[in-house]
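Starting off, we have a lone chain in the form predicted alone, written out as structure tokens.
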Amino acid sequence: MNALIISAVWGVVMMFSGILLKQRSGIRNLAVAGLVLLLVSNILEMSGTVFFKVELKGMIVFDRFALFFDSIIFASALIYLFLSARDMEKVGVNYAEYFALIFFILCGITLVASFKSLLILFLGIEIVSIPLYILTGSEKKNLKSNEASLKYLLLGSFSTAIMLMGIAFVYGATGSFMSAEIIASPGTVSALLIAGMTLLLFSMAFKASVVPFHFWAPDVYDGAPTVFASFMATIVKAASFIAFIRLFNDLFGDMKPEWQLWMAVLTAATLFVGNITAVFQQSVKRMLAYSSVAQAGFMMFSLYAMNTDAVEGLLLYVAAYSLATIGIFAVLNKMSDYTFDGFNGFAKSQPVLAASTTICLLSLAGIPLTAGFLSKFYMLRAAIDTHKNLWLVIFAVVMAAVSVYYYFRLIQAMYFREGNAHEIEVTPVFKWTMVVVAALVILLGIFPNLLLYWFYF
């Protein structure tokens, strides 16, 4: 509850900070202070310190899983601000409003991580989505940004309509919006309930950019300002999967035989399309967009398996994927040329950034001694423990091998190709933050319990 109230209030504070604070550094520091407060208050709530006592009628429950996930999200958002907050100045004049929208998105993420009612799920998803439509089109003089925003708005509205229809069907079948009452509803599974579950599956698959509902993601990520594409592809995507796993574990866990095979098919399709399409991209930004689709395929294993390893794996995956992708996008945002050739010789001009970016790329590829390797291992082990569809695990390993090609293509450009990468201006804080990100990626790859210990503590 601490994070829900503070993020909403701080969003309003950031809206007015543009009037009261004339220096952009002051606005930026205020946003960082707000995120630190969010993170600390959320950790305090994990230990039992609740600042706000509100009767929620069981519609929202801030359990250990939700609070721990929120802490990972807030920590990732804090690193995102350290790396990318200055780059928001290049997007437009509404600097303070960008931070306000980010805090409102974090408020929505808090809701989708803790919902126990389908109405709260709908509200949380919309609170996350509407600011994203604005941020996507925030570069007003860029036609690609305008096109991406319009496409995202239209397709997002369509998926929301599907969600509402699914919620209506579930209510028609069970007579309730509450998770506990839907699970406890008597009788056999009705066709109406299966129809509602299917529509909710399609809608959430769209939000998480799961194939075949991914078609919006590459165009939106490519057209959106790079600094906001980073936020969308990491923190927002992670929130979609937490909502996804909450929905199917809490409401439709007893119907697992009905949907598990469909999850396996969606997982395989997402891995195949995301990885194969990324191989043929000439733009690093667009490659990362398709890479995010492929990473969604591995996150789908948590839904397919739905066991202890899956939950731990998803939490570790969220941390590993968010850290690595935020780091790579932060460096990409400094570049004037987004093609692979634009990184030729980058290691000579910026050795520290090249090394940090390489570690992040190795993590995304799932190379041992990185957090990405262990998170993928957890997901595959969770799938094996179901004792079903072993072909899916083998296929995922093959697709992970394919992903090595396009990630190493960027490493090759930085270290083994001659060229003069454009000089970029970076602050010491940026370099040190990238070093910290790379160190965390390696530490979590060697000692995952540094993170998972706090989930059970």
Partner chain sequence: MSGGKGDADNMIPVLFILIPLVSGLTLFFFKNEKSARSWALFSSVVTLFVSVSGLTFFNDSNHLKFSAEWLSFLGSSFSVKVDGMGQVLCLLTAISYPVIFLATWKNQYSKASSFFGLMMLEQAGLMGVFVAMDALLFYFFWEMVLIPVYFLCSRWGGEKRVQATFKFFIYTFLGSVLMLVAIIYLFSQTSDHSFSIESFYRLSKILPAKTQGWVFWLFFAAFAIKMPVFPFHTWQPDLYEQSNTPTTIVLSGVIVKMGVFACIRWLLPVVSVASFQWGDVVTSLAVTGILYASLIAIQQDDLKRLVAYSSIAHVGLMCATIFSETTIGFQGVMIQMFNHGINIIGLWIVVEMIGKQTGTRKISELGGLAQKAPSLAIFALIIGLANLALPLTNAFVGEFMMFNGIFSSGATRYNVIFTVLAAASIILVSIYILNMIRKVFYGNNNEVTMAANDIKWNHKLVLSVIVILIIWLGVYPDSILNLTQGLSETILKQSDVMHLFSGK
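Note that the coordinates shown come from a computational prediction; the quantities given were computed from them, not determined experimentally. Residue numbers count along the first chain shown, from 1.
There is another form of the same protein, the form predicted together with the partner chain; it is not shown, and what comes next is about it.
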Task: Interface stretch in the predicted bound form with the partner chain - options 412-420, 22-30, 427-435, 60-68, non-hydrogen atom within 4.5 Å - done: 412-420
TODO: May I ask you to state whether F377 is within 4.5 Å of the partner chain in the predicted bound form, using heavy atom distances?
DONE: yes
TODO: Check whether V331 has any heavy atom within 4.5 Å of a heavy atom of the partner chain in the predicted bound form, and answer yes or no.
DONE: no
Open item on the list: At 4.5 Å between heavy atoms, is L35 in contact with the partner chain in the predicted bound form?
Closed with: no
TODO: Although the partner chain is absent from this view, report whether K256 comes within 4.5 Å of it in the predicted bound form, heavy atoms only.
DONE: no
Task: Whether A365, V397 and N449 all lie within 4.5 angstroms of the partner chain in the predicted bound form by heavy atom - done: yes
- [ ] Would you mind picking the one in D385, E126, D250, E89 that has a heavy atom within 4.5 Å of the partner chain in the predicted bound form?
- [x] D385
Open item on the list: Exactly one residue in M46, L56, V393, V40 has a non-hydrogen atom within 4.5 Å of the partner chain in the predicted bound form; which is it?
Closed with: V393
- [ ] Determine the residues of 344-358 with a heavy atom within 4.5 Å of the partner chain in the predicted bound form and present them in sequence order; the list may be empty.
- [x] T358
